[in-house]
Ligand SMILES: Cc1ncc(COP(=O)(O)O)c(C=O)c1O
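This document opens with one chain alone, in C-alpha cells, the form predicted alone.
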Amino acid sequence: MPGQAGGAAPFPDPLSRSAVLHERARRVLPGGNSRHSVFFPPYPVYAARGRGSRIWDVDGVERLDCVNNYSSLIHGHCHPAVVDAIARQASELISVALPTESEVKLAELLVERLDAVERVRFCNSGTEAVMFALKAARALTGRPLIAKIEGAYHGSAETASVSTSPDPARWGEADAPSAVQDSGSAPGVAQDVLVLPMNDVELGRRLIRRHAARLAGVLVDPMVKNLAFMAVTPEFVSMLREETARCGALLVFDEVYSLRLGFHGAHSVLRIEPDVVALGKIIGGGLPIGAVGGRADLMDELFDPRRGAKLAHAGTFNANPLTMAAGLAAMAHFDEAAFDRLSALGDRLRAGLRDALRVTGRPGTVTGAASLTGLFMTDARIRTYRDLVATVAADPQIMTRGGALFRGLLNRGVFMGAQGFMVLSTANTPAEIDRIVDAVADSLRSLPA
C-alpha cells in the first residue's frame, strides 16, 4: 500500500500486538478500555511512546498524531520544558493538602492572558470545570434553569450532558426542542435544561425570554466539536449576551477546547465578555486539569472562604503541584508567536484538505479555525444537530466513507480523530501538514466509488 506507515501490516491485523493487547484488556476492562472515545473497531491501536508530533504504537509503527489527546497537548508529546518541569516538581512534592507557588503562577498567567478572567479556581477536568460553572450560575442567581445548544458536548456531568446526542423520537419540535437526559442521569435532570438550536438568533431569543424568570445561565461552546467544529455566529452569541444581561442570568463559555481559537481566549475573538469561562485541556501541559474563571466580584462571591463562599469547592487533586508545574511550562511556551504560527499551520491544513476533496472529486466539508479542523464526508450544509442527523440518515455511506478514511490514514502514518477531526500542536511543521494532506488525498482516492 503506498505510504503505508512504517512498512507494517495494514490495520487491522489480528496478529498485531495491539490486537492481542485488546483481547487481554477485554478480560479486565469493559470493552477493553476506560474511555469510549479511544475505541475504534475492531480494536484500538495501543500507544507505546510519543515525541513531538509523532507517536509509536506497540508494534513499532510511527504516525503523526493529529488528535493530541483530544487537544490537550498543545506542544505535542514530551516537550522538553514540560518534561523537565514535571521531573523537578516530582522530586520535590507530588501532592499535598496545602497550596503551592506554582498554583499562583499559573493563575497569574491565565488572568494576564484571558480578557474575561480576573480570578481562577482550579479543578481536575473539563467536565468538572463546566459542572462548577453551571453550579456557579445557579448559586448566584438562585434559579434552576440552564440553557445549552442541542448536540453540543460539554462533558459528562448530568446537566451538561442533556441533549448531547438526543434520540429523534424524543427531541420534540424544532421550534421547541425537548430536553433529553443522558442515560443514567437522575430523574428530572432534563426539567432544568432549556435546549436551543445552534445559531438560530430569533428562536433562541424567544425561548430565552419565555423562560427568563427561571434562567440561571446559558452554556455555549464557541466552536462545537460534535458538530464538526461548527462555530457560533457573532450574531447568535451577541444575542445570548444581550438576553442573559437583560434577565440577570450568566453567560458561560465552555473554552475547554476552544481556548485554542484565540491567544486571549475565544471570547476575545468574538468580542464578547462572558461572566464565567470553563477551561481545561491545554492549560494542564498534558496532565489532568480544569478551571473556572471569571470576573473578580463574581468569583470572590462564589469561592472566597473569607466571605462565606456561596459554592463549596474542594478536591483532593485540585491545583496539584505536578499539573500546575506542567501547565505553567506549557502555557509559558505557548506565547503569541507560537499561537500565530500554529494557527497558520491550521489554515494551511484546511486549505490543503479542501484541495484534496476538489482534486479527488469526493464529497466533503472542511470546518474549524486556528489549530482545530473538522473533516466531514458530505457536501450537505449542516447548521444544527438535527441537520447532522438528517444528513446521515439520508446518506448512511457518510459514516462508511469516514471510517474508511480513518483506516486509510492509519495505514499511511496519520492518526486523526475517528469522528472526523484533526488537532495540531506546535511540534508540527509545514512539511508535516503537506504530508497529512497528501495522505488524505491518497486515502480519498482509495475509497470505494
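It should be emphasised that the depicted structure is a prediction, and the values quoted were computed from it without experimental measurement. Each residue number is its position in the shown sequence, starting from 1.
Same protein, other form: the form predicted in complex with this ligand, not shown, and the subject of what follows.
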Check: Pick from 120-128, 164-172, 141-149, 236-244: which stretch has non-hydrogen atoms within 4.5 Å of this ligand in the predicted complex?
Finding: 120-128
Note to self: Counting any non-hydrogen atom inside 4.5 Å, which residue from 218, 276, 256, 106 sits next to this ligand in the predicted complex?
What the structure shows: 256
Notebook entry, point to check: With this ligand left out of view, which of 321, 374, 155, 364 would have a heavy atom within 4.5 Å of it in the predicted complex?
Noted result: 155
Note to self: So in the predicted complex, is this ligand close enough to residue 267 to count as touching (4.5 Å, heavy atoms)?
What the structure shows: no
Check: Would residue 135 count as a contact of this ligand in the predicted complex, using a 4.5 angstroms cut-off between non-hydrogen atoms?
Finding: no
Note to self: Since only the chain is shown here, I'm wondering whether residue 281 would be in contact with this ligand in the predicted complex (any heavy atom pair within 4.5 Å).
What the structure shows: yes
